[in-house]
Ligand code: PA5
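Below you'll find only one chain, the form predicted on its own, shown as structure tokens.
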């Protein structure tokens, strides 16, 4: 199981001005935390609560359909191309980057075990789209279009471009190269898929995009490239069982949620840095940034009061960003909590050769890069405590399906608990929707004519 070390947020380590009396706070909030955990688990099956993501670890039917489809298309495609944005892509990127062999798309077919390369188009940069489509052989590419609403302008514009190219290259056979993940019943993409005859998978009801990584949104791409989705689900189920524990002293998601909440509201630590010490976990930080920002950054609380609340998430990578950000973290504003992710055992033990022994770098020879990375992480954590900066350390036994699923699910539950502590709706995103509506208006979508006129006036002064 994952381990959480929060001692460097304690006032005994970093001082009372910046730290918390952890044991005292756990005792003070024991009742409230137990209430929150019980309530979340009670509401997870209630329609409209947006908590169905808590059940995704038990979605055996989806796993069966994914395995069946992956078996059907095995050896038929050289590439998998994912079209999606936000929650439709970030989880997939985070998990595939963590679990596939490094530089997967550069490996030979033999090195990949006959499995396809995987590409994500998660933006609408015209150069990036054209550049990727120019180098991919679309005839040998399976395109997975992911959008629950089917009206996401970015994803659907990508799809229109790709579909047009596929049809020109494959005539009527282009349908075999498209698989859709969308709403079960409604939406533009559902309508198109049924008219065109595409294979479809479902984004479940009451699962928001940023919580959808363990639905078909993520499981289908994972299954197509050979990631063990059974082990992913095993990791979720074991972590879910652990996080049902209403005792905060035994629940790491509740501990981290409360620490973040108190450091923000009492100590002014309103920036949450996610800093994995593993390049394979780099994109977990990107996924976390969306999860934390969209869930907790809110204008109103549940009482309808204007609060403009929410800690700001930031991403960093150890040891890379020790050379770009740690100066600020140590000596700049003391307004951050740094979350380290550590790995106990890497797949590789890489020794540094015993050369240049006559120089100042000779001491490195005979040691391993693993030792060096651990030393970098330990020294950074201690240095931050010297400057009275709070840090949390999450430790994974290894980077595999089981542990990655535990990590992501724990962070999802942590976010849900934090939202209850802030007394906000964790699962809506009105600020995102407003910008989407403005985009629809500017692009001439029917029904947005009045908004377009008003927006044009605003653009002249903004």
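Here the structure is a predicted model, which means the values were calculated and not measured. Positions refer to the first chain, counted from 1.
Keep in mind that the form predicted in complex with 5-phosphoarabinonic acid is missing from the display, and what follows is about it.
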Using a 4.5 Å heavy atom cut-off, state whether residue 290 contacts 5-phosphoarabinonic acid in the model of the complex.
-> yes
Verify the contact flag for residue 223: yes if a non-hydrogen atom of it lies within 4.5 Å of a non-hydrogen atom of 5-phosphoarabinonic acid in the model of the complex, no if not.
-> no
Indicate whether 5-phosphoarabinonic acid has at least one heavy atom within 4.5 Å of a heavy atom of residue 310 in the model of the complex.
-> no
Does the 4.5 Å heavy atom contact test between residue 149 and 5-phosphoarabinonic acid in the model of the complex come out positive?
-> yes
Could you tell me which of 117-125, 202-210, 226-234, 270-278 sits within 4.5 Å of 5-phosphoarabinonic acid in the model of the complex, going by non-hydrogen atoms?
-> 202-210
Contacting member of 429, 62, 400, 52, with respect to 5-phosphoarabinonic acid in the model of the complex [4.5 Å, heavy atom] = 429
Heavy atom within 4.5 Å of 5-phosphoarabinonic acid in the model of the complex - the one residue of 326, 192, 133, 85 that qualifies = 85
